[in-house]
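Only one chain is included here, represented as structure tokens and corresponding to the form predicted alone.
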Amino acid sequence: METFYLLMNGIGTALVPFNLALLIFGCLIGLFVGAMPGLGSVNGVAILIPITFIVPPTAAIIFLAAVYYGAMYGGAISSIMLGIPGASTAVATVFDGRPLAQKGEAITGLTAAAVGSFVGGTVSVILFTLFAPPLAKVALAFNAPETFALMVMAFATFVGLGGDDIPKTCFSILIGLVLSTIGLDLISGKPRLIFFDIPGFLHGVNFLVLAIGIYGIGEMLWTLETTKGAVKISSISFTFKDVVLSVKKLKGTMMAMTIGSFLGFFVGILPAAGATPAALMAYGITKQLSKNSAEFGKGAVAGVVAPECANNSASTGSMLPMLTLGIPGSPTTAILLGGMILWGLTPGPLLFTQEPEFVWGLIGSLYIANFFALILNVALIPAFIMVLRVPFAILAPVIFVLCVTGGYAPTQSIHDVWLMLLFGVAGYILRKLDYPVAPAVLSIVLGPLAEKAMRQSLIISDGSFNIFLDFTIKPIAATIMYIALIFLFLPLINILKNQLFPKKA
């Protein structure tokens, strides 16, 4: 009852006219920031922090949290409409969101992304409200061995992303892992794979550079080849009835919503994990467990819902360790943590008792921000689908400029722009050879996390891999690792079963 009372006070704080105006404005800015390739919530929140010094801390955190929330919604827009992930958190949305738009079902994709984001956000805020203290303790139980086991489980789901051609999928994963090792060694600090001694490789391969190259430039080259550059993708009308019909198509995505929402929140509360791994894992697991897994990658609505539920759920989950432990759960919450310190607040267990108005005002604002982000997203669908009315001969140069901007923005290095163009050509060639590019893109995200966790674990265990497999040493890590092995061998078992017991025509 006390929690309910505190929550009502928090919602009341968020509904103060000034705070509410900042919240709506923040959601709108977040949608734009999320949709622009190369910006994302990290850059958006960092750029806007100086503005918050002119308002009280509670209003400031409500505004920045709304920007963060809106950016999670907005990332799906460019992923679906242009095939360019607005941020790393939205790359999994490209896999099925873009094919939906190309089939003339952009409204379905955008509606699925908006509703999925709303469901994921709502579930995570409720979990946050009810279980903050015990979940913070769960997050603390995840050390290097548990993190590595979780990463292995994510890699195991990648096998399902490449269809039945497991050798090509494994090749794609290995390419991504090699690219993830470029730069400075995590432990010794020595340079690795610095090709031709080019200094630009010292900071490694930025994930967005790879993703925008493959899904932006590569997609543009593929479309230009297959359509001879003279295509007008679609001319779509928009009515409220279209949205209602799109919502009805989500009836069969309950499993995707459940997996995305709960898995996203769980991964989000883990320090240094964040929304990107959550979205990728949710997509992979949903595909593995779906009865219609063959539709994934071709415009499956569940393939949009699962990652969008996960990344919004994880964005809320990542705030939990920030508030309760003073440990950021994602790069964006790390910036929010710095903002709190600048505002004179001390994140940690005492924050809930010393600054209840601040904490519960933030939690209450998440409920309201979730609602307004949904309303804004649906209301702006007509503006989003105008993109599909533009002839591709005009759209292609716009996509190219956005890709170059997105490739330059993260590190502000021309080296990354050339690298992005190279990845675009490579992605186009891989697509022509029928190699899946999704596992490569995903493995470059989790590669550094997995390597760091594995090497730290082996240092702890004096080089023994039993730390991952022995229930008496690390029960959580061993449980996750064996679940990962099940995911890994499921496609192999299905292939073997089809060969031994072929279906009769």
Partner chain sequence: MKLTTRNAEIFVAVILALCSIGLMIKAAQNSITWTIEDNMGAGFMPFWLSLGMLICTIITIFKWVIRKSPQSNNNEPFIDPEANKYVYVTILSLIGLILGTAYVGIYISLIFFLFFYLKNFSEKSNLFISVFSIATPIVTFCFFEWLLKITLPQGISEPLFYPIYELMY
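No experiment lies behind these values; they were computed from the predicted model shown. Positions refer to the first chain, counted from 1.
Beyond the structure shown, there is the form predicted in complex with the partner chain, which is absent from this document and is the topic of what follows.
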property	result
Option from 373-381, 411-419, 357-365, 96-104 whose residues, in the predicted complex, bring a heavy atom within 4.5 Å of the partner chain	411-419
Answer option from 342, 255, 247, 174, heavy atom within 4.5 Å of the partner chain in the predicted complex	174
The partner chain: the contacting residue among 289, 243, 126, 194 in the predicted complex [heavy atom, 4.5 Å]	194
4.5 Å heavy atom contact with the partner chain in the predicted complex for all of 178, 425 and 435	yes
Partner proximity in the predicted complex: residue 168 to the partner chain, non-hydrogen atom cutoff 4.5 Å	yes
Residue 36 within 4.5 Å of the partner chain in the predicted complex, heavy atoms	yes
Contact test in the predicted complex: residue 459 vs the partner chain, heavy atoms, 4.5 Å	yes
Partner contact for residue 199 in the predicted complex: the partner chain, 4.5 angstroms, heavy atom	no
Contacts with the partner chain in the predicted complex - residues in 451-472 whose heavy atoms fall within 4.5 Å	451, 454, 455, 458, 459, 462, 463, 465
